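The chain below stands alone and is given in structure tokens; this is the form predicted alone.
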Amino acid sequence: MYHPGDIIEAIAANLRATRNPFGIPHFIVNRWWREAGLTAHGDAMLFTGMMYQFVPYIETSTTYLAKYEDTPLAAYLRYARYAPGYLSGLGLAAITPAREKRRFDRILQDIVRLLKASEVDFYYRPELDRYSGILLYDLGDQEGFVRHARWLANRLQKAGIKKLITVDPHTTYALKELFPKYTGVRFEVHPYFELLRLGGGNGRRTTVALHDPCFYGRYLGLSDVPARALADLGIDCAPVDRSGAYTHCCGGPAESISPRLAGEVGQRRLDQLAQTGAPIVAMCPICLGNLRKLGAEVRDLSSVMAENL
């Protein structure tokens, strides 16, 4: 296990310097939208919070963390805070496979397809779409999270943003629950699947094992909403042990501190999902990445729905 303080300070230093936890320039990490045919005006702004875009970089960095965990080299992580943010970020971007970046970009493009098919009036402004800071909150650096959240809330407020459509549970929870509490700024926030109106499907009836992420299942009470959206497309959800408010963690929140522990927790959840015998579907980029890392064949909710339109 790594010393939590070293991990937190490295992330906080990058966030202060570059506004993202990896130090990767915004124009590099956020390119998915260029081929999506999006407008800059509408009723609600699509806000990705960078979580899907970050997963390839998370997978690359945690591969190295796993390699050196519980070795003498782990102690050198404390010096990461002194590395220039953009320099380390550019290095991470260079060694992260392009195919993985494209894989997660396609998920966001599938979400756009679903929103358009549902005739949702939305728009996108890439310069305003930034990381929420939620990982600092998860790891206990409340002061660092609040400082970043105030910066982002002020930026959105100055741009006149009132409605946001989110794509992942971490960003949804941050904007819906934490921003009003800690910044005093409140937005109307909807996860994209709340807005979908997709009936019919392709005529095939299928069943999936839908994994409830902690923020949707436990804290936001939204587990039934994506299940209904799937049902509208002729896709049933198999009963999964530990679901909804009692869902089992994928292990992802622990991976920056201890990849080994994250793997142990994730394997227990994977076993529960595999017992259904149905294809596994995730609706959180961290859950998706963590379950895939264990060797599971896992697809994102949006991709499954898009191919069944």
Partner chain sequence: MTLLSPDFAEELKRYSDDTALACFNCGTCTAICPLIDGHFPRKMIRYVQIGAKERILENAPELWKCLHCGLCTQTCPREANPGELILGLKRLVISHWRKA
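Positions refer to the first chain, counted from 1. Here the structure is a predicted model, which means the values were calculated and not measured.
Although it is not shown, the form predicted together with the partner chain is what the next lines describe.
Participant: Which of 194, 232, 188, 138 has a heavy atom within 4.5 Å of the partner chain in the predicted complex?
Facilitator: That would be 138.
Participant: State the residue from 142, 207, 118, 183 whose non-hydrogen atoms include one within 4.5 Å of the partner chain in the predicted complex.
Facilitator: The option sitting close enough to the partner is 142.
Participant: Counting only non-hydrogen atoms, which stretch in 31-39, 265-273, 52-60, 279-287 is within 4.5 Å of the partner chain in the predicted complex?
Facilitator: Going by heavy atoms within 4.5 Å, the stretch is 265-273.
Participant: Each of 93, 292 and 301 having a non-hydrogen atom within 4.5 Å of the partner chain in the predicted complex: is that the case here?
Facilitator: Not one of the three qualifies.
Participant: Given that the partner chain is not shown alongside this chain, does residue 214 nevertheless sit within 4.5 Å of it in the predicted complex, heavy atom to heavy atom?
Facilitator: Residue-level check for residue 214: yes, a contact with the partner chain.
Participant: Would you check, heavy atoms only and a 4.5 Å threshold, whether residue 8 touches the partner chain in the predicted complex?
Facilitator: Answer yes; at least one heavy atom of residue 8 falls within 4.5 Å of the partner chain in the predicted complex.
Participant: Spell out, yes or no, whether the shortest heavy atom distance between residue 125 and the partner chain in the predicted complex is within 4.5 Å.
Facilitator: Although the partner chain is absent here, residue 125 would stay clear of it in the predicted complex, with no heavy atoms inside 4.5 Å.
Participant: At the 4.5 Å heavy atom threshold, is residue 26 in contact with the partner chain in the predicted complex?
Facilitator: Output for residue 26 is no: heavy atoms all beyond 4.5 Å of the partner chain.
Participant: At a 4.5 angstroms cut-off on non-hydrogen atoms, which residues of 269-283 are near the partner chain in the predicted complex? List them in order.
Facilitator: The stretch 269-283, when checked against the partner chain in the predicted complex, contributes no residue at the 4.5 Å heavy-atom cut-off.
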